[in-house]
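Listed next as structure tokens is one chain, alone, in the form predicted on its own.
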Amino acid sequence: MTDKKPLSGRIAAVTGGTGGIGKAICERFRREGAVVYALDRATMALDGIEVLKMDVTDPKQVDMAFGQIRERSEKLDILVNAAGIEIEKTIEDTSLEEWNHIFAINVTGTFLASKSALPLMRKSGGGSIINFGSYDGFIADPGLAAYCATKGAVHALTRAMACDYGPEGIRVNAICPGYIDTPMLQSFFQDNGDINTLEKAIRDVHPMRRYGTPDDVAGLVNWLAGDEARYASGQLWVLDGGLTAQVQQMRL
């Protein structure tokens, strides 16, 4: 007799699925037995995971990608809205084009993917949508104005969706990471001087004395996607190594 994997028979879609966090989520879902679709502009090969080309800001591409999922799997149980970008500027330095672009990916992309996923989730009799907020949706790092605004919007959207679709058995939560070791974080290091000094300063400001990994995030996503989290909905799950538990933050 073989043990049934926790997500066996589940169909999962992950936007930004070939990126640092998205890829880790896809791979974790695959190990847990799910059929996984990685939705991304980049179409790199992932072992055991079908990659569908999709730009979250393009309604036609979003509809097409979820149409492909419908044709292949007929339903959807899990959606993770992991696609996102960061702009490191104050509002004075942010152009309207940049403002609209980050909202198109971080907020409108979450809206479009969720809107297309909902009919497929109804065919499953329910499901789990996991959005990506940020601890920057609660407090603000300097020079991240547009990014902070998008994450605050995702937090509010998450709560609204949980209220609207809970009666149909569709749970909606948001994960709010702190510093996670991704290409985005490495880009931040490279743009801000002495990399080694900055990396140490960031580690030291955390009570756990480290920043997170994509696998740390994937673990929480996996729990929220599965049956053990069946009563969890409408919540913003901060995953930051204790960073925001402190009374006062160190200025980095």
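Owing to the predicted nature of the structure, the values given are computational and were not obtained by experimental measurement. Sequential numbering from 1, following the sequence displayed.
There is also a form predicted in complex with a small molecule; it is not shown, and the following applies to it.
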>> Just to confirm the contact call: exactly one of 223-231, 49-57, 64-72, 202-210 touches the small molecule in the predicted bound form at a 4.5 Å heavy atom cutoff, so which is it?
In response: 49-57
>> Given that the small molecule is not shown alongside this chain, does Leu118 nevertheless sit within 4.5 Å of it in the predicted bound form, heavy atom to heavy atom?
In response: no
> Given that the partner is absent here, does Thr158 sit within 4.5 Å of the small molecule in the predicted bound form, heavy atoms only?
Replying inline: no
> Do Gly241 and the small molecule share at least one heavy atom pair within 4.5 Å in the predicted bound form?
Replying inline: no
>> Taking the small molecule as it sits in the predicted bound form, is Leu198 in contact with it (heavy atom to heavy atom, 4.5 Å or less)?
In response: no
>> Going by heavy atom distances of 4.5 angstroms or less, which of Ala162, Ile85, Ala140, Ala149 would be at the interface with the small molecule in the predicted bound form?
In response: Ile85
> Using a 4.5 Å cut on heavy atoms, which of Ala145, Ile180, Ile170, Val107 is close to the small molecule in the predicted bound form?
Replying inline: Ile180
